[in-house]
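Take a look at this one chain, the form predicted on its own, written out in structure tokens.
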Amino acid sequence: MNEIERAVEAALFAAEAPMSADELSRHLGGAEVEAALEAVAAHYAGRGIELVKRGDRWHFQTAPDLAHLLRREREDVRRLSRAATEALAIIAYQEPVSRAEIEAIRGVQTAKGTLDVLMEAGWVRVAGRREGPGRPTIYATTPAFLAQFGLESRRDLPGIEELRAAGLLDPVEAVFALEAEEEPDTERDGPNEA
């Protein structure tokens, strides 16, 4: 390992939060760090800790196959409400998106507290304001969202076929199938005679 690789390793190990290549470069006096990051990542590949890139930021994490060893016996699991889960999915797939757009997709109003919970978790951020009437606030996901769900970028979000294969779309499709069965087929039944 050369000196720049050692410096990158030390800086990331001591960092309080994931760092981008630009931040590392500035921290290390303008050094070229891209090749060093790749070398350090290769050095740690397959070990107990790994250097990973989430979005445009790098950090060390426990190897996924060993994470269970470090979990505490009692985890404080905080579940998202259905509204928060739906809002998060809409933001992830449609970002940047306004509250009105989230409500249009969900078909119901979204409480301000729902977005506050997602921002408090660090998964959603205010991404600015949309040009247009009222200049609504728009929301986007954060690097913490990518890290939480083990994604390198939003392109890694599962597509519709992957969701269907995982059985996550079956309940929705079943509802649509039931609704279709309940609607009378006027062409097949013929006109109503009075």
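Each residue number is its position in the shown sequence, starting from 1. For clarity, every value in this text was computed on a predicted model and none was experimentally measured.
Just so you know, the form predicted together with another copy of the chain exists too; it's not on screen, but the next bit is about it.
When contacts are judged by a 4.5 Å heavy atom cut-off, Ala140 does not count as touching another copy of the chain in the predicted complex. Heavy atoms of Ala127 never reach within 4.5 Å of another copy of the chain in the predicted complex, leaving it off the interface. Not displayed here, another copy of the chain is approached by Ala11 to within 4.5 Å at the level of heavy atoms in the predicted complex. Though the partner is left out of this view, Leu69 does reach within 4.5 Å of another copy of the chain in the predicted complex, counting heavy atoms only. Taking another copy of the chain as positioned in the predicted complex, the residues of 1-28 that bring a heavy atom within 4.5 Å of it are, in sequence order, Met1, Glu3, Arg6, Ala7, Glu9, Ala10, Ala11, Phe13, Ala14, Glu16, His27, Leu28.
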